[in-house]
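Quick setup: one chain, the form predicted alone, written in structure tokens, and binding and motion questions come after.
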């Protein structure tokens, strides 16, 4: 592929020739180095190259979009023509828009150039660490990659954002295995922009491997009670996705089904809870720099000290609803730790459950949820008494945030988020 800026110039020219009102596009070049390990043995080593163009045009308040991985002159002309054709057949809506001129920016993030030899060594090291320290773990597959991305964003209002970024990604599929006993499959992943640490020390890989081993000896949970659940950083991330989807996302604000529709600047959570979207945090890897609408990304608080400060809205829904747009769209969630060590939180629990994973359907519009607590451990009188199976939890997302017990001092940074352990009360825990 020729220089990415030259490609951008050709796209600009093709857009101008079609005479549309506004347009924006992303051009990307990716180079991926990948190691695969299957059954404990290296099975694949490859390098992949990928190009991409994502183009959106706006004309007479109509919107048309096209994506392609072909960037020849003819393909560029075809993409622009396809986007214009799509816009011509679309329904007009005055809320469609793009960001005003944000100037010209160029970003160089850490980790752009890979160290392949060191990456291979770290991969071998991880395999050895698992064999030595977690002999009851059976790794079905390990995929370790470095993704190098050069991207260019432009819009017809004059914004240009060029970015050079790279990250290493480690993905594991594994299970506990001892004799004839095997646990269900577990998945774990982490991102980093350097190779300074052993992979097993990153994110929550170590604790997830330990928990999988502990799941080899589970007992079915019997009975039902209302008590405390402790969400690990992994299960907390899943919960946050449900909270955002149910209460602050584009669809629920546009359809006016959110319980928090009229709660901006009001208390919706315990005052100890602050949920931030902080792509500039140094613990976040492979951040984006420009929103889907062409604004330069800024950090912001979704909830600050328990008070709802923002919805997570695109420019389109902001224009439709009258609320402010989100200052970034990267979902780089940061919840800083509290003052209580994790072990001390457990000591204060009379009866509860540590939830490593949650498997359930989409919560109702009122926030009610119900599902299976996976990788869970019973806590009684301040101590972990063992791994349990066949355990359900149910409650209400909005109520949970107000029934917060404590936030751990410890946090886990996996490259995409920074999250602590959080305990919530008044959740129904039930078994057979």
Partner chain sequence: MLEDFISGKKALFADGVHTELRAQENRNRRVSLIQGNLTANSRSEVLGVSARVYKNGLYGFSSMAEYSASAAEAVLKAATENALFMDKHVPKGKGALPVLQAGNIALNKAIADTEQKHYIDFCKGVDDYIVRTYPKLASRSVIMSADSMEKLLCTSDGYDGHTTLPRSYIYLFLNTESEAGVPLELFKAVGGFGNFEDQFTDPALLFPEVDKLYETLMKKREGVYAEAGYKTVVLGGILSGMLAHEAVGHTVEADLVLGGSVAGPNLNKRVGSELVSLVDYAHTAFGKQAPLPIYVDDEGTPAEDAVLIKDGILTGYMNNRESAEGFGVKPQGNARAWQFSDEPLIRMRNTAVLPGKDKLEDIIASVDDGYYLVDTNNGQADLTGEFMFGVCMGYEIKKGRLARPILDTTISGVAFDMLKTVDMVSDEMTWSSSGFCGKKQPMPVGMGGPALRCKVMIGGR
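On a predicted model such as this, the values are computed, not experimentally measured, just so you know. Positions refer to the first chain, counted from 1.
There is another form of this protein, the form predicted together with its partner chain, and it is not shown here; the text below is about that form.
- In summary, among the residues 220, 103, 361, 322, the only one with a non-hydrogen atom within 4.5 Å of its partner chain in the predicted bound form is 361.
- The single contact residue among 112, 107, 225, 120, judged by any heavy atom lying within 4.5 Å of its partner chain in the predicted bound form, is 120.
- Using a 4.5 angstroms threshold between heavy atoms, residue 184 counts as touching its partner chain in the predicted bound form.
- For residue 29, no non-hydrogen atom is located within 4.5 Å of its partner chain in the predicted bound form, even though that partner is not displayed.
- In the predicted bound form, at least one heavy atom of residue 124 sits within 4.5 Å of a heavy atom of its partner chain.
- Although the partner is absent from this view, residue 339 stays clear of its partner chain in the predicted bound form, with no non-hydrogen atom inside 4.5 angstroms.
- Taking the partner from elsewhere, every residue among 51, 63 and 371 has a non-hydrogen atom within 4.5 angstroms of its partner chain in the predicted bound form.
- The stretch in contact with its partner chain in the predicted bound form, judged by heavy atoms within 4.5 Å, is 68-76, chosen from 68-76, 298-306, 269-277, 191-199.
- In the predicted bound form, its partner chain lies beyond 4.5 angstroms of every heavy atom of every residue of 331-348.
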